[in-house]
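The form predicted alone is given below as one chain in structure tokens.
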Amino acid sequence: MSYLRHGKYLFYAGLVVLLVLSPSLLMRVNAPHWISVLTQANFLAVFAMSWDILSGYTGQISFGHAFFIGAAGYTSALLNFHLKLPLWLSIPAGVIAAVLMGLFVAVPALRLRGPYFSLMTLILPIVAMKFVLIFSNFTGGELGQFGLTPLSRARGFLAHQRVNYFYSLGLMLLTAVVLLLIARSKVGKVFEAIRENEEAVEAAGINTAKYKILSFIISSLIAGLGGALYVHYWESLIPSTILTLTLSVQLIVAAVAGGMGTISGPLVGAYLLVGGQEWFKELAALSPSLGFLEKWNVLIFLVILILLIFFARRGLLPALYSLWARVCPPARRAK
């Protein structure tokens, strides 16, 4: 096992410890709102990692991943709201809906490549939003539905926040472990081979269609699980939070900035995106001269993303790994 791999494991272990201890640490510094920020970062990390196994590993660039998140969120929320189904039934139903939508998209998408595939996925959330508005009497339309069963039954605002945080943390860690295992398995290697040269994989006698559909299933399942839990975390169904192109762009930014095709990169990117924006807001509150940071934080992050793409095309995490390898080459590690 290489020293670099040891470094990765230390990074993962340190991240887990930090995330587990962060609620208690934040409470001691009187910053409970950061628990909510980290909870949202956990969910965005789940969404970004689900996108990465599809787009980062197999090369099927999706611009409408919010479609799968929204399909699960709407299914779970509406079943819970109208039929009063408990969470242990409505959430699995939402995940199944997302997987079915994944299959619905994957089969015709096999005939599309490059920009044509991306354009099709870009349209999906827009079409879904039109259906939400058409059946507004059932879906709630633009206003959505409120009064969903919450994830946490804890009493008290702070206790409620903490329980929700640990739910999101458990989901994020489970997603990271499962997807890392898949990425390092034979299936993951085939995904990467399809991304690099699909024709060569087909020439080797491998059914690429089967693996591309499998990547859709895995991706939509993870996105659906996150989406179904997300609406119950908010205790409301609001289309602007789960069924917009903005969410699709956010998770893509997180994945690209952190490092596509790594699983751990999108995780780190999600925390940088959500936590960084909140950090800019706090800086803006410190002094009137820094007030521009709150209004310009999105633009600043876009500029940072452009710089990352220019100087570190593979993303931040792979760039850091490469830098570590240069600073501590194998010959020096062996001493």
Partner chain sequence: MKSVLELERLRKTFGGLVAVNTLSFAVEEGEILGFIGPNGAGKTTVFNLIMGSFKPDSGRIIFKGRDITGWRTYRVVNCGIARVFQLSRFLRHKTVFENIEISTIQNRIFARENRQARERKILQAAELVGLGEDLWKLPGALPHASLRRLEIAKAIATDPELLLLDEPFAGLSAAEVEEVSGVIGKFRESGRTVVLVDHNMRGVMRLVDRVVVICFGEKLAEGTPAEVAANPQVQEAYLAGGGVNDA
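Positions refer to the first chain, counted from 1. Bear in mind that the values here come from a model prediction, so they are computed numbers and not experimental data.
Just so it is clear, the following notes concern the form predicted in complex with its partner chain, a form of the same protein that is not shown.
Engineer: With heavy atoms only and a cut-off of 4.5 Å, decide whether A193 touches its partner chain in the predicted complex.
Structural biologist: A193: contacts its partner chain in the predicted complex.
Engineer: Looking at the partner-bound form in the predicted complex, is A204 within 4.5 Å of its partner chain by any heavy atom?
Structural biologist: Looking in the predicted complex, residue contacts with its partner chain include A204, since a heavy atom lies within 4.5 Å.
Engineer: Is the gap between Y211 and its partner chain in the predicted complex 4.5 Å or less for some heavy atom pair?
Structural biologist: Yes.
Engineer: Does N197 reach its partner chain in the predicted complex if we count a contact as any heavy atom within 4.5 Å?
Structural biologist: Residue-level check for N197: yes, a contact with its partner chain.
Engineer: Pick from V187, L122, L85, M129: which residue has any heavy atom within 4.5 angstroms of its partner chain in the predicted complex?
Structural biologist: Only one option qualifies, and that one is V187.
Engineer: I need the one stretch from 100-108, 245-253, 179-187, 157-165 whose residues put non-hydrogen atoms within 4.5 angstroms of its partner chain in the predicted complex.
Structural biologist: Contact criterion met by 179-187 only.
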